[in-house]
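This document starts with one chain, in the form predicted alone, laid out as structure tokens.
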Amino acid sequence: MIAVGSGGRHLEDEIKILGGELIETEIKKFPDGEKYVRVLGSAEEVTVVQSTFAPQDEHIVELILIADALRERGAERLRAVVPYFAYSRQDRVTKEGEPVSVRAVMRALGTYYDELYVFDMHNPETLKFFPGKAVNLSPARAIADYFVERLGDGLVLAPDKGARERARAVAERLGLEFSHFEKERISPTEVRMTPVDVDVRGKNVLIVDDIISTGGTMVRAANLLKEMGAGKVFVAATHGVFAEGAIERVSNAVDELAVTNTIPTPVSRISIVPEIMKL
């Protein structure tokens, strides 16, 4: 049985198509802005699908209220599937007096949920803050399947060393070479990027990352690849956060931009629902 919050409504139709049995949830706002939640069914075990993109705080509160309602109706085991986990980048204290925000959110969810499943967590180590079972799911299969025909006999690149494992996971499913860009800061405002140990001339290239926000890194990388003689340049990411104008900036610089549907956007062309249905 699956309950879907408002942060998962864009996934609901595909969940039904793939055989998911849904518990209807009623979600609305009171005149003062507080959330109202009602679940119109229950089961001993329920999976709650709720992505926590903007408005992040509202979606997190919904996730808690849905769980409380399900417990009230007798649910004995709850799992949260959170395709995009808000506050995941706030994973350390940088100034005295700050919280570790991702830890606070996970501990709150752990009050109700026995299991937590997320996609491509920014720092997978932070899953240790969840008191129950916590699993980081990879979208590599979905991304590879989407780009297999487009990319051909190309290669996969990560925008930096930290994203290398994401590139590797996609490349292995495609049977292709992979590498990453090395970044060198040459002034306070300028960063030089260079692909490591690969020749991109005449090859199609797929750049893979977890999150695209402003898109600046992707645009610089795409422009560099074209200067180096690459063929077509594609960009993929798990989470399309997209600051204002980012979709247009990146799309204008590459042959295709596609992200997964952890967050609904105009370029959310890669579905993670099949991975959810395997849980």
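Note that residue numbering begins at 1 and tracks the sequence as displayed. Here the structure is a predicted model, which means the values were calculated and not measured.
Here the subject shifts to the form predicted together with ribose-5-phosphate (R5P), a form of this protein not shown in this document.
*Asks:* Within 4.5 Å of ribose-5-phosphate (R5P) in the predicted complex, counting heavy atoms only, one of 203 to 211, 172 to 180, 77 to 85, 150 to 158 shows up; tell me which.
*Replies:* Contact-bearing stretch, as computed: 203 to 211.
*Asks:* Quick check on residue 71: any heavy atom within 4.5 Å of ribose-5-phosphate (R5P) in the predicted complex?
*Replies:* Answer no; every heavy atom of residue 71 is more than 4.5 Å from ribose-5-phosphate (R5P) in the predicted complex.
*Asks:* Verify the contact flag for residue 216: yes if a non-hydrogen atom of it lies within 4.5 Å of a non-hydrogen atom of ribose-5-phosphate (R5P) in the predicted complex, no if not.
*Replies:* Because a heavy atom of residue 216 falls inside 4.5 Å of ribose-5-phosphate (R5P) in the predicted complex, the answer is yes.
*Asks:* Would you check, heavy atoms only and a 4.5 Å threshold, whether residue 164 touches ribose-5-phosphate (R5P) in the predicted complex?
*Replies:* No - in the predicted complex, heavy atoms of residue 164 and ribose-5-phosphate (R5P) never come within 4.5 Å of each other.
*Asks:* Given that the partner is absent here, does residue 122 sit within 4.5 Å of ribose-5-phosphate (R5P) in the predicted complex, heavy atoms only?
*Replies:* Output for residue 122 is yes: heavy atoms within 4.5 Å of ribose-5-phosphate (R5P).
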